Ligand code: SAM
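Next comes just one chain, in C-alpha cells: the form predicted on its own.
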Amino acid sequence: MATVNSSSENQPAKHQEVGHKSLLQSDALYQYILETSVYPREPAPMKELREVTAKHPWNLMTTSADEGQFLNMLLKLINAKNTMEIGVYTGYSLLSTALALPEDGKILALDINRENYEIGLPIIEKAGVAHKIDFREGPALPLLDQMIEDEKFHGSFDFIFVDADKDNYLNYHKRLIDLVKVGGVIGYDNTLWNGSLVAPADAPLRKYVRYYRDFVLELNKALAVDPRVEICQLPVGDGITLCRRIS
C-alpha cells in the first residue's frame, strides 16, 4: 500500500505503475485502486509481462494495469470472439484480450514493430493463448483497405482496440466503422491525452504531447457527432473512448 511522506502532508505518495497514465489527481488514490482491485486479480502472465515491459526504454507506451483489467471485463461482457488490435507494443493489452476470449477466439494484431511484440510473445505462449493471435507486421491502413475491398470482412469484428499513431486515428475510424459489426465496439485509447486537451495554449507540454494533441482533439470532435455510433469517454488510464456501432 502506498504511504504518504510524513515529512510533508502536501506530498502525495507516488504511484508504482510503470507507464502510469491515470488522470486521477491523487497518485495515492490510484495506487489504492491498483493494490486493492487490480493487482490482486491480475493474471500471473499479465503481471509477468507488465514487469518485463517495465524494463523497456519505451515503457510509457504500455497499457496500464487498470485499463487491461477493464478491457478484459468488457470483452467478456460483450461476448467478443473475433477482435482486432491496432498497436501492440509488447502485448499487455493483447494478452488481456486473449485471456478474455473463448478458446476459439481470434485477434488480428497489427503493429509496425515485431521486435517489441516478441518481447512479450514467450509469456503469451506460456499462457497458452498464442494460437488466438494472428500478428501482422507493418502499417495497418493498407491492410485495412484490403479488408474493406473484401465484403466478407464487413461487420465481422466484435471488438477493435486502437492504440497506435494518433495522427491516423480518424483514418482508422473511417475504415473500422465498416469492419466492426452493428452492436460491436471500437475502443480508442489515449483520448484524454495526458490531460493536455484542456491545457492553455502556452502550457509547457512535451513535444510529442503537443504534436499529437490536435489530432486527438479532432478525433474527439468527430466521434461526438458521428451518428453511426454511441460513445462513452472514460477517464481510465489516459482516457478511452468506446464507440458502439448502431448503424
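Numbering starts at 1 and follows the sequence shown. Remember, it's a predicted structure, so these values are computed and weren't measured experimentally.
Only in words, not in the display: the form predicted in complex with the named molecule, which the text now covers.
Undergrad: Within 4.5 Å of the named molecule in the model of the complex, do 87, 113 and 139 each have at least one heavy atom?
TA: The answer is yes; 87, 113 and 139 each reach the named molecule.
Undergrad: Name the stretch, out of 148-156, 161-169, 75-83, 124-132, where some heavy atom lies within 4.5 Å of the named molecule in the model of the complex.
TA: So the stretch in question is 161-169.
Undergrad: Considering 199, 52, 33, 61, which brings a non-hydrogen atom within 4.5 Å of the named molecule in the model of the complex?
TA: Looking at 199, 52, 33, 61 one by one, just 61 meets the 4.5 Å heavy-atom criterion.
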